[in-house]
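The chain below stands alone, shown as structure tokens; this is the form predicted alone.
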Amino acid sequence: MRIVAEHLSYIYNARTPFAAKALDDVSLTIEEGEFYGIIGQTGSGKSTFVQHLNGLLRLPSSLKRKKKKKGKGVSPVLRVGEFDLSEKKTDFRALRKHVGMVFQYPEYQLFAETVEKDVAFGLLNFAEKGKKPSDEEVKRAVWEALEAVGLDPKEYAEKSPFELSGGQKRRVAIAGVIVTKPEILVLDEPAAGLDPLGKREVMDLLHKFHGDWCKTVVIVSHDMDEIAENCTRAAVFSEGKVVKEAPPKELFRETEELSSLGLDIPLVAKLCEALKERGVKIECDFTEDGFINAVLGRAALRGKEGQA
């Protein structure tokens, strides 16, 4: 499922004294199969944009597809696969089955008596009318989702989610989204608040989903190392606009531009900058493995030159 946004704008509290433009003529395409990153300062429009992708925020009625009038500009376009989100007739229930959304700190949204019931909620909620899955089908899907996030269903299914650790709660919350096996998985700060090991475990899970059944992953993140290590491409949002879009290895070369937008760069990019100032130029993709391989390759080359 390809994501295409053209001339997308959004105003909170429109036509009131508190109106605030969150998106301003955003055009962006995310290809099927990508592990895509979205970065920007708080208030830049990142979360507003991704909440459009499964219809949590909809195009205002005044912006829905109309016949273009002279002098009135262009109508916004938002398509996710076969779903045209600018049309009133769009089946948003079906859309949300295909586009899973995991909010920041999703563990705070757990509510059911048991882990199994919490994870099952989304599956039952998105079931088509007259096609409610059997109890056996629900249990099978829930247990598969728990196993996918690394929780043994025999141990955790009947537990209260409120008895679990923070990391376990987050896994349960993610299981509740992936239980329908969405084609697109959108996550807002998926590793926020976790220690380094927890962050790595969550990102490893996302790559596993991406490799097994989830065609496209989109993450919103303030962590530039997370973007550099995991994403195929990334877009930079600022004041509701997309100001830059490129693969991380190109994006993080623009250190001055990113700094002017109030953004940091990955630790590896900082190391490369520091070495460059000392006359040592390291070419890499700003991942840890890329940096290590580049340094080892440079050392091996210098060793050969020394032997010669």
Partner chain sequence: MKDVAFGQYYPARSFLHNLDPRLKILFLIAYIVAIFLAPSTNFYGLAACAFVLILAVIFSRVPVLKVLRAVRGVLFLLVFTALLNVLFHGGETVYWSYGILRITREGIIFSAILALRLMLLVTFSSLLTYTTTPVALTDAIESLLTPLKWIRFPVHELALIMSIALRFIPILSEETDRIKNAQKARGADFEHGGPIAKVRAFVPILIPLLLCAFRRADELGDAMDARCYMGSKNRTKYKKLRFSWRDIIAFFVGAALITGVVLIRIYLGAPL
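Since we're looking at a predicted model, the values are computed, not measured. Residue numbers count along the first chain shown, from 1.
Absent from the display: the form predicted together with its partner chain. The rest refers to it.
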*Answer with one of V77, A148, M101, L194: the residue that has a non-hydrogen atom within 4.5 Å of its partner chain in the predicted bound form.*
M101
*asked:* Within 4.5 Å, heavy atoms only, which of T114, S165, T232, Q109 is in contact with its partner chain in the predicted bound form?
replied: Q109
*With the partner left out here, if you bring back its partner chain in the predicted bound form, are T42, G45 and G240 all within 4.5 Å of it by some heavy atom?*
no
_Proximity to its partner chain in the predicted bound form (heavy atom, within 4.5 Å), stretch among 135-143, 152-160, 88-96, 214-222_ = 88-96
*Would F209 count as touching its partner chain in the predicted bound form under a 4.5 Å heavy atom rule?*
no
_Considering non-hydrogen atoms and a 4.5 Å limit, does its partner chain approach V236 in the predicted bound form?_
no
*asked:* I'd like to know if D118 sits close to its partner chain in the predicted bound form, meaning any non-hydrogen atom pair within 4.5 angstroms.
replied: yes
*May I ask you to check whether P190 falls inside a 4.5 Å heavy atom distance of its partner chain in the predicted bound form?*
no
*Select from 7-25 the residues with a non-hydrogen atom within 4.5 Å of its partner chain in the predicted bound form and write them out in sequence order.*
N13, P17, F18
